[in-house]
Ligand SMILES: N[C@@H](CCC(=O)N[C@@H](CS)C(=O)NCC(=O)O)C(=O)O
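This document starts with one chain, in the form predicted on its own, laid out as structure tokens.
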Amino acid sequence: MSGSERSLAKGSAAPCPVPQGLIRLYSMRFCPFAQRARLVLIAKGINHEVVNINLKNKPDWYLEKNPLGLVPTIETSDGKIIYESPIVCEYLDEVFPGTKLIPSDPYAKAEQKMLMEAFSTVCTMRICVIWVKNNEDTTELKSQFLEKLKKLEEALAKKNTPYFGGESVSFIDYMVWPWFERFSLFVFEGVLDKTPNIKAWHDRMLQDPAVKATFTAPELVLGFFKLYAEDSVDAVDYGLN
């Protein structure tokens, strides 16, 4: 399911129990953390449905499922609830058959986790929000971003592989992709030319079927961020009729 339905907000009724053989993903159309889960669900061919949540006006029943009130959260037909994007994605990869995204080799797995830690200092939406809010000078932020990005460039160059995880798309690639999809709208002009390995990786990822299936048109992302920066409760449904 594409997750193109309007978000459920405060006062909405809770959805029915999850049907047998289905995973329900509680998501938000523009959330990079939730996109991580959607990428894994699609890459592994897991039968699922998407329920979008209005994170600025959450239904009371959603807080009973996830007390943090964040997305992604997944719910199984037997009532299991899992949240926090790396935990959700690891669970999906471990439980469901198909291509394994997380390496079985302990060192390779540790290597991916170390890369995720390094990337965690890059994945901030602050630049995007500042940019759309009032066109503040983001020169310093962009400079800091580039320095962090160069560390990832070095790691990819050292591996000398097409993807962060090796010769094919794996867990780490899907975990970092959502931010690269968004940053390209705000800070990538000229930056990718300074990180050629990441640029080549970025171009390859755009051809990945799961990336294509979860990709959001730039004009929709920009429209969302403009409303989000104004604290609009309607931002999550931007672009829907």
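Bear in mind that the values here come from a model prediction, so they are computed numbers and not experimental data. The first residue of the shown sequence is 1; numbering continues from there.
Quick note: we don't show the form predicted in complex with this ligand, though the next part is all about it.
Engineer: I need the one stretch from 209-217, 196-204, 30-38, 44-52 whose residues put non-hydrogen atoms within 4.5 angstroms of this ligand in the predicted complex.
Structural biologist: Heavy atoms within 4.5 Å of this ligand in the predicted complex occur in 30-38.
Engineer: Go through 153, 111, 84, 90 and name the one with a heavy atom inside 4.5 Å of this ligand in the predicted complex.
Structural biologist: Only one listed residue qualifies here, and that residue is 84.
Engineer: For residue 149, is any heavy atom within 4.5 Å of this ligand in the predicted complex, or not?
Structural biologist: Looking in the predicted complex, residue contacts with this ligand do not include residue 149, since no heavy atom lies within 4.5 Å.
Engineer: Taking the shortest heavy atom distance, is residue 65 within 4.5 Å of this ligand in the predicted complex?
Structural biologist: Residue 65 lies outside the contact set for this ligand.
Engineer: Does this ligand get within 4.5 angstroms of any non-hydrogen atom of residue 71 in the predicted complex?
Structural biologist: Within the cut-off, so yes.
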